[in-house]
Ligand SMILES: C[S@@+](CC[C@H](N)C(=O)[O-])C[C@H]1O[C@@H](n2cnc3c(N)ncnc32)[C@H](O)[C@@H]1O
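What follows is a single chain, given as structure tokens, in the form predicted alone.
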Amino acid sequence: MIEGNPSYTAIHVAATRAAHNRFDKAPHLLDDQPALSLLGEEHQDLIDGSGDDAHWVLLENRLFIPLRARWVEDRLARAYESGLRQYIILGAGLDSFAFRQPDGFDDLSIIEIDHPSTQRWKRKRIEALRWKIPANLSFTECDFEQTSMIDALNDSAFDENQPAFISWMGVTYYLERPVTQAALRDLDAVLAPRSEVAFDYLRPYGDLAERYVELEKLSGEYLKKKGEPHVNKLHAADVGADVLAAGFTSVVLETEGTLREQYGDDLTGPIPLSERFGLAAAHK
């Protein structure tokens, strides 16, 4: 990312979630009204740019990005029901869960960790909106390219003696594979038993439909200009191997079939489910 500016992709992800609420029929995969407010008037064009006449990849994002957030929050809800009380959002961006958390989650510690530039921008927006910061929300600044996962967690309100649910969405493909492998090892070393790490990854374009191969060069050049190129693309088997090699006891690798089993009624619209991304959950 470009130093001093919020992450472009964090802004775009929030705009995509807001576009899902604006353009898709209810009930929504994710009701993220706060995203619209966080973005403000200056980013309305990004929301409008994901309308029904948008490029097909933006439409796919309009379905997948809310889906991955819903998937994370469903897994978090199950973990909460089992007694887990720590939720850590790595690379939080403009995540708004803390401002729309279910009633009764007051005892859930929510920790947002992100790059200083993005987090400071977000906190200024929260201040400008005069939102009350929930008592169970805390922020920690961290540049993951220069700071280890363990140091980032130690600088936060994280309690290593208690299990935690980690959301690590939209991050791994911006880090070289050795960096993600080291991060997984760090997480395994510091997390208590019964913890879970949910993350997404980018599949190799060569394994996908022809339209994605044509997209690779265009998107690569665009993201490079934004200072946020994709540098890590993995097969599901490699993701599973990395998780287990890091020390975790098991891993869930979602497929289109398993996602349709979970969210079938919500995935029956005209927008196809993206082939580019995979979802994984590592368990201690």
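Here the structure is a predicted model, which is why all the values come from computation and not from measurement. Numbers follow the displayed sequence, beginning with 1.
Separately, the form predicted together with the named molecule exists; it is not shown, and the next lines address it.
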Query raised in the report: Would L191 count as a contact of the named molecule in the predicted bound form, using a 4.5 angstroms cut-off between non-hydrogen atoms?
Result: no
Query raised in the report: Does the named molecule come within 4.5 Å of any heavy atom of A92 in the predicted bound form?
Result: yes
Query - the named molecule contact in the predicted bound form: R68, any heavy atom under 4.5 Å - result: yes
Report task. Evaluate T180 for contact with the named molecule in the predicted bound form, applying a 4.5 angstroms cut-off between non-hydrogen atoms, and reply yes or no. Result -> no
Report task. Considering the named molecule in the predicted bound form, find the one stretch among 191 to 199, 129 to 137, 107 to 115, 79 to 87 with heavy atoms no farther than 4.5 Å from it. Result -> 107 to 115
Report task. Please state whether every one of the three residues S148, I150 and A246 places a non-hydrogen atom within 4.5 angstroms of the named molecule in the predicted bound form. Result -> no
Report task. With the named molecule left out of view, choose which of D74, E214, E176, D143 has a non-hydrogen atom within 4.5 angstroms of it in the predicted bound form. Result -> D143
Report summary line: Answer key: of I166, L184, A98, M169, within 4.5 Å of the named molecule in the predicted bound form (heavy atoms) is M169
